[in-house]
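Just the one chain here, the form predicted alone, laid out as structure tokens.
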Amino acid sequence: MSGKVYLIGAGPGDPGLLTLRGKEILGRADVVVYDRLVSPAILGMCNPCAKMVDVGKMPQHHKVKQSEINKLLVQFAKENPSGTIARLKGGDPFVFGRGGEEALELVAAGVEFEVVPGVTSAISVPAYAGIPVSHRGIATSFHIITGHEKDVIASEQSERGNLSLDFEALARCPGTLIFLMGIANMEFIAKRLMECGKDPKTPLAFIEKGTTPYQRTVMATLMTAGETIVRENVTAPAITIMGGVVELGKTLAWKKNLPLSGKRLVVTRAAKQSSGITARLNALGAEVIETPMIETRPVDVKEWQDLANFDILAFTSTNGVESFFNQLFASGYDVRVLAGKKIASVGKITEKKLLEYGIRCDYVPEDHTGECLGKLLAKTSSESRILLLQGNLADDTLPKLLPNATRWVVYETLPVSELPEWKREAVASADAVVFASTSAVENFVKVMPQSTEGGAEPRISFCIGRMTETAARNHGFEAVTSDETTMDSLVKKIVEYYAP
């Protein structure tokens, strides 16, 4: 018996281009064998308990040889009977991805496998640059060519019949030519195409880091290809596209206009809370690395019968809302036990979470802090019996302002103790960190101490709430705080900060 290997195409970089099938498999994989070009955001979709194996290949340096990768896949399948082995590859496994070689090795070893196609960079990267690979009246075909094979360089001294690339045929081709992985060889390729009759004025575009926030398009012609690569310092990973369709990119380029294009942001909210802001930031062009700094779990509440003794229930976080209602329902009660009671919320985000349970708030302070909530509730009738629903790390601000209130701990917060190496690398290279709580700040500097120490420039942080801002500044961050304690306000602040 052996496990099953899935050859999964991760697409060109944008995590939104990963297929649903690929995401589902990654979520349950026991082992993930991944390449260098796979986005950290996609690695974040993997089963957190999976064994992560980096076999990434760098230009001019093969971290793990292909023959060794083939053997590793067989080895992991044999070591994990009935297990799920994910081989995660950039682009599509069968488009110059050497997926066929890996599949043949698995067949020879009697290991079951499945191919999960990915979106190839040959089509998606030009699309993100506003260049259609085919267009009526300009190009009725497109051709995907590798520019990376050793034979391309060796062919300068070879006869045409021995070449891996038929330059004469390519030069005559009226369609779009798309070269993958060929930047190092492109000056030679351009020279050979012109020698074989292709128009030196043929429009050409180099597209670096396609579909990621760092995408860059550099225009040239066949004649100026070599000098443009040197002058503009065009580097891998990049694709080269040639033909009349390239001119359309001057009009149709859409991604470069997104306000957060080129930015990598770390979101430190708990995993179940981060999807909303992640989607907003992604839509604005940012690459988001979800890196929860805290985990929460409910604390068993046994005093449900005592709810009748309170007039006001005060919630100070969305975690408190979720834990309270989940346990309330699990204990056989429903919202009817809240009839006649007043509800207080520390701010708009918590207020919005309460609305999801059909509960409208009676008290929300203008300044969304625990201190302001306490002062607001202190103005109510002194005879009101108040119940504070908080986490185990809540400070004593509210109990001091409301000495007669009762406090229930409905959830506990546990810090994340460490990050995998791939995530540490992604976080270290980020442009900014997003904090929504002081506990997230405190744990971040424990897990990533080099981020703010050692004389480095302060990292930018975007914060919700003044207490979070203070914590960030105390640890050397430059803090930018949202005007309101809402995700919409925070996203607006991020966009304003990076606006030209």
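For clarity, every value in this text was computed on a predicted model and none was experimentally measured. The numbering used is simple: start at 1 and walk along the sequence shown. The term rigid core refers to the maximal set of C-alpha atoms that superpose within 1.5 Å between the two forms.
Here the subject shifts to the form predicted in complex with S-adenosyl-L-homocysteine (SAH), a form of this protein not shown in this document.
- Asp92 belongs to the set of residues with a heavy atom inside 4.5 Å of S-adenosyl-L-homocysteine (SAH) in the predicted bound form.
- None of the heavy atoms of Lys423 is located within 4.5 Å of S-adenosyl-L-homocysteine (SAH) in the predicted bound form.
- In the predicted bound form, Tyr363 stays away from S-adenosyl-L-homocysteine (SAH), with no heavy atom inside 4.5 Å.
- Within 4.5 Å of some heavy atom of S-adenosyl-L-homocysteine (SAH) in the predicted bound form lies at least one heavy atom of Thr120.
- Distance criterion of 4.5 Å from any heavy atom to S-adenosyl-L-homocysteine (SAH) in the predicted bound form singles out Ala238 from the list Ile277, Leu389, Ala238, Ile349.
- This chain is drawn without S-adenosyl-L-homocysteine (SAH); in the predicted bound form, the residue among Arg192, Arg264, Lys209, Lys255 with a heavy atom within 4.5 Å of it is Lys209.
- The stretch from 192-200, 238-246, 295-303, 338-346 that comes within 4.5 Å of S-adenosyl-L-homocysteine (SAH) in the predicted bound form, counting heavy atoms only, is 238-246.
- Remark: with the core as the superposition reference, the CA shift of Lys255 between the shown form and the other one reaches 2 Å or more.
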